[in-house]
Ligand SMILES: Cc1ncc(COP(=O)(O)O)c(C=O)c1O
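There is one chain below, alone, in structure tokens, taken in the form predicted alone.
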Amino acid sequence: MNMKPDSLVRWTRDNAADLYGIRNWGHGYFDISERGEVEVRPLGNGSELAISIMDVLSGLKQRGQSLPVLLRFADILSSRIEQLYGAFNAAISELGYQGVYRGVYPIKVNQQKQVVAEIMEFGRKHHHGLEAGSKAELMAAIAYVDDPEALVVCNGYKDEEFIDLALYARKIGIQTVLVIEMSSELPIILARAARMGVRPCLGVRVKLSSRAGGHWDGSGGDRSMFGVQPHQVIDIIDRLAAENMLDCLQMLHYHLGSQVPNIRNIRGALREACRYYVAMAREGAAMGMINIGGGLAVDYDGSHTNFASSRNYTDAEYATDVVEEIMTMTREAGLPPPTIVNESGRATVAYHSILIFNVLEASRFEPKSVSDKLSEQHHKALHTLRDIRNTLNTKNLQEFYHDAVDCREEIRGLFQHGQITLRERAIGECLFWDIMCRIAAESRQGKYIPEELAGMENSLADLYYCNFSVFQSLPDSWAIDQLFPVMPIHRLLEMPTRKAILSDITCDSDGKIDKFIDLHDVKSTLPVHELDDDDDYYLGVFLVGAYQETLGDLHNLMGDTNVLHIRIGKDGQFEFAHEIAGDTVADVLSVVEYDPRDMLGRIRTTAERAVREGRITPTERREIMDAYETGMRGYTYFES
């Protein structure tokens, strides 16, 4: 839908920044340059080093790479780790806490090898560790943790093989902590440890009554999926005491949720968890570590509120509240200060990844104009619609709306019963939607908009067809209505004059983005620019580093996108540090059990039969086979 620009307003990058909220959700990593392009500041606030995304795309084009592409900025990972440790270390120093902070990264948040390797590289000086919730993740963790002071926290269901791997890792000097999620795991751990001659380091995950609210509320509360009940904690302590192994129980663990937007929920859970910790220490357990799990939220919409896609606290406030609560309660109990462990995955990796794609074309809702000249042969309902259009005024918008809807329903009924022609039906539809567009334009000028007219602009929005798959690259947007910041990455010195929803290239009605961030509400359309026939139009989806890559599926056999890792070199310029080619058609077909060689053979047989039957020439057969083989090697997305 068209938004009429105000000719008296000089559009600036500050206007664009306010419109898209980039300085609210960007956390200092993103801004708009003097050229009107989104720039990335990998080192965060205070750094003048900036990278234009358009310059990155220019480099990609010169190298023959196609969109869509996932950009990963390694230096943002480094910055986020430094900010996290900076916040906790500052709180520890300010409050005079005698314990230390140790972070661990949950591999499930983004399991890509390059991401895990870079986190371990950047976090080594802080003894940053990993969290694993499956055998595959544990095997990755023990391969990439080469710091004897870093923790490997072992969560999730554990069979004998999982437990053996963790105990063997401990034997070779890796600080694995087996967290008991279910009381039935303890006998297996004790038996395997005795067989190997290893004294395990154990933790207990407790079910707190505290809850977080929002999309990810299932991790907390009495009915949470993982963790043990109070009576089971006592059973575990008694069993360990009977085995003379209470010194092995060293960690209290809980997990409130993946994204906890309200600091009050965090504080409430901390108080309850500290009571568990103190009680377990008084029962004779060695203790020494409190693992507060994940939950440090990302402010996706920039509203700084307790909305599910936001958070009402800063990193510093989060760290201060955690340290203060633990210090106060353990000091009152006369216990040594425990090591504070947390599993911040989302807050570590979300910012470092951006999905970039081009817009292929737009479908605009602009009804064809209809002449006022209707003959006597045209049905009276068409004359009525024409009169509504010509007499519409601001005072009676709602009345005209109702009359137009009634007329359209009458015309549709007449067509279904064969009483008017297709041409008359088409005239009626054009008149109706012309009226709707005029009502929408007029309603924008009024102080009060009736509820049934308020959403009209959204129904008249443009549809921008974009070269990506929601299901592959943004599954949370489709599955749980997760909001991500979306905006054009260029032309930001021009006022956007259209409103659009975004459709992907899958043939699925759910393959779209029609909810967008806003400081005060959730918007149903995105302000965008007119498409230029001569130049591509690029959009970016930001803060997609957490979960989106590993949750994506092969809907319509759209595979992984191209991936580009970007790092700042010694000369201060950005480098293409690592490139990963996106899936080919053959790749995704193989995943769903097709054999590309067999398929080529089948097409070859069919084409040869067509030659024998005289349908095609041998030359045409070669062209057909070349096209099919080239397609097998091609990108699953639109290629120009």
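A residue's number is simply how far along the shown sequence it sits, counting from 1. Only a predicted model underlies this, so the values are computations on that prediction, with no experimental measurement involved.
Another form exists, predicted together with the named molecule; not displayed. Remarks below refer to it.
- Residue heavy atoms within 4.5 Å of the named molecule in the model of the complex occur in exactly one stretch of 525 to 533, 101 to 109, 265 to 273, 369 to 377, and that stretch is 101 to 109.
- In the model of the complex, the named molecule sits within 4.5 Å of a heavy atom of Tyr547.
- At least one heavy atom of Gly295 is located within 4.5 Å of the named molecule in the model of the complex.
- At least one heavy atom of Glu343 is located within 4.5 Å of the named molecule in the model of the complex.
- Though the partner is left out of this view, Arg205 does reach within 4.5 Å of the named molecule in the model of the complex, counting heavy atoms only.
- Interface residue among His253, Lys158, His490, Arg72, judged by heavy atoms within 4.5 Å of the named molecule in the model of the complex: His253.
- In summary, among the residues Ser477, Ser473, Ser353, Gln259, the only one with a non-hydrogen atom within 4.5 Å of the named molecule in the model of the complex is Gln259.
- Taking the named molecule as it sits in the model of the complex, the stretch 390 to 407 never comes within 4.5 angstroms of it through any non-hydrogen atom.
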